[in-house]
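Single chain ahead, written as structure tokens, the form predicted on its own.
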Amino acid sequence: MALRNALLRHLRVPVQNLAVRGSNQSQIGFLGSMRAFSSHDDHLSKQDVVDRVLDVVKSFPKVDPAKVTPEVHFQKDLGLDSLDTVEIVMAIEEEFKLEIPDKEADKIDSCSLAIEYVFNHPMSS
């Protein structure tokens, strides 16, 4: 316990109260000791995700680009087999710099599911 306390004492950064010009300290309350955190707020828009997923699917060699829509199913509508679907999911991973777990990748069998997965993923870029 003593080691933990000694370590935490060295790692902690003291929070100083901020003085706001023209107001007294009691009006600031907890705001005087707030900490700012950066956020990852450059998330893609839904339309960007749709456009990029459709581009990936259209660029697949076995796909007729004219048949590709946001609702298209890879096997039923495009006639792709399961290996082709895996290759498309891998291309989507590469396009958005994601790693989709196998359990989730197996569920992605249409453009709409791919779009939803990428759009809802916090690290897509």
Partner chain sequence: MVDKAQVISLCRSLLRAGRQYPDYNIREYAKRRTLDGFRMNKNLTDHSKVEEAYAEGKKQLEVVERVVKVYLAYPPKTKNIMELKLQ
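These numbers were taken from a predicted model, which means no experiment stands behind them. Positions refer to the first chain, counted from 1.
Missing here is the form predicted together with the partner chain; even so, the following discussion is about that form.
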message: Is it the case in the model of the complex that Gln47, Asp55 and His73 each bring at least one heavy atom within 4.5 Å of the partner chain?
response: no
message: in the model of the complex, is there a heavy atom of the partner chain that lies within 4.5 Å of any heavy atom of Asp81, even though the partner is absent here?
response: yes
4.5 Å heavy atom contact, Glu93 to the partner chain in the model of the complex: yes
task: Could you confirm whether Lys62 comes within 4.5 Å of the partner chain in the model of the complex, counting heavy atoms only?
output: yes
message: Taking any heavy atom pair closer than or equal to 4.5 Å as contact, tell me whether Glu116 reaches the partner chain in the model of the complex.
response: no
